[in-house]
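Okay, so here's just one chain, in structure tokens, the form predicted alone.
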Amino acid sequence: MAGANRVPAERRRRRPTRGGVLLSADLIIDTAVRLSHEHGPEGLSVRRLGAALSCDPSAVYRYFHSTDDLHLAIADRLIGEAMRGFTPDDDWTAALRGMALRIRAVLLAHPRLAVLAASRVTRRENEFRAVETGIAILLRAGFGAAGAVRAYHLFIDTVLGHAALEAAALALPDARREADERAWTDAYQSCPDDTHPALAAVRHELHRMGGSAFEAALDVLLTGLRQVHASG
């Protein structure tokens, strides 16, 4: 998650729709987030937004230059949710852990938007604050400029990648997600020993593949960063 083209102020002012609703950038984003929960990524179309807001779809373009501009604003909104009220712990690894868990919680709360939020660089204020916070944690810990940037890159890509993967699974229909989870204690248990000897050797442990690896991956990452930090 990492200036944006700005819509002129006179085009950002609140305007009533034909249904009497006062249109604003925040209302459009709120509606887009709601529609994504109901309809998936296709809920972010300008046509569907116009219908939900009782306005001509072209009215959306008074607030956002394009659908991509809207997507970036939505991603930045989620970053803002994750960082709202966050006060870093004095211990830098605890601070990064706290930041990571907040990001994960927001992506899991918005599973159909998780890939959008994880894959884009919004170039907006919430992302600027988030990156500023992460880099500042590492600089205060004693990382040099290059080391802080490398460490933050590793941190944020690991967090976003694992959280988005977990959220994508959560967005699946229940039956598909449950079938995927059962695969480790069902389909994988029936692989023939002679053709899959490695799987046979660990068959009794494969159930572990069904859970989330997020916190374990975070532990590995933070342990590695502590070792890099200690080695100077």
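Between two forms, the rigid core is the largest collection of C-alphas that superpose within 1.5 Å. Here the structure is a predicted model, which means the values were calculated and not measured. In this text, residue numbers run from 1 along the sequence as written.
Not pictured, yet referred to below: the form predicted in complex with a further copy of the same chain.
Contact at L35, I74 and F86 by a further copy of the same chain in the predicted complex, all three, heavy atom at most 4.5 Å
No, because L35, I74 and F86 lack any heavy atom that approaches a further copy of the same chain to within 4.5 Å in the predicted complex.
Can you pick the one in L101, A94, L108, L154 that has a heavy atom within 4.5 Å of a further copy of the same chain in the predicted complex?
Only one option qualifies, and that one is L154.
Residue-level question: is H162 within 4.5 Å of a further copy of the same chain in the predicted complex, judged on heavy atoms?
Contact check for H162: yes, within 4.5 Å of a further copy of the same chain in the predicted complex.
Verify the contact flag for E42: yes if a non-hydrogen atom of it lies within 4.5 Å of a non-hydrogen atom of a further copy of the same chain in the predicted complex, no if not.
Because no heavy atom of E42 falls inside 4.5 Å of a further copy of the same chain in the predicted complex, the answer is no.
Given that a further copy of the same chain is not shown alongside this chain, does D26 nevertheless sit within 4.5 Å of it in the predicted complex, heavy atom to heavy atom?
No, D26 stays farther than 4.5 Å from a further copy of the same chain in the predicted complex.
Can you tell me whether D30 touches a further copy of the same chain? I mean in the predicted complex, with a 4.5 angstroms heavy atom cut-off.
The answer is no: D30 has no heavy atom within 4.5 Å of a further copy of the same chain.
Heavy atom within 4.5 Å of a further copy of the same chain in the predicted complex - qualifying residues of 208-232
Contacting residues: R208, M209, G211, S212, A213, A216, A217, V220, L221, T223, G224, L225, Q227, V228.
Spell out whether the Cα of A198 moves at least 2 Å between the shown form and the other one when the two forms are superposed on their rigid core.
Result for A198: yes, a 2 Å-plus shift.
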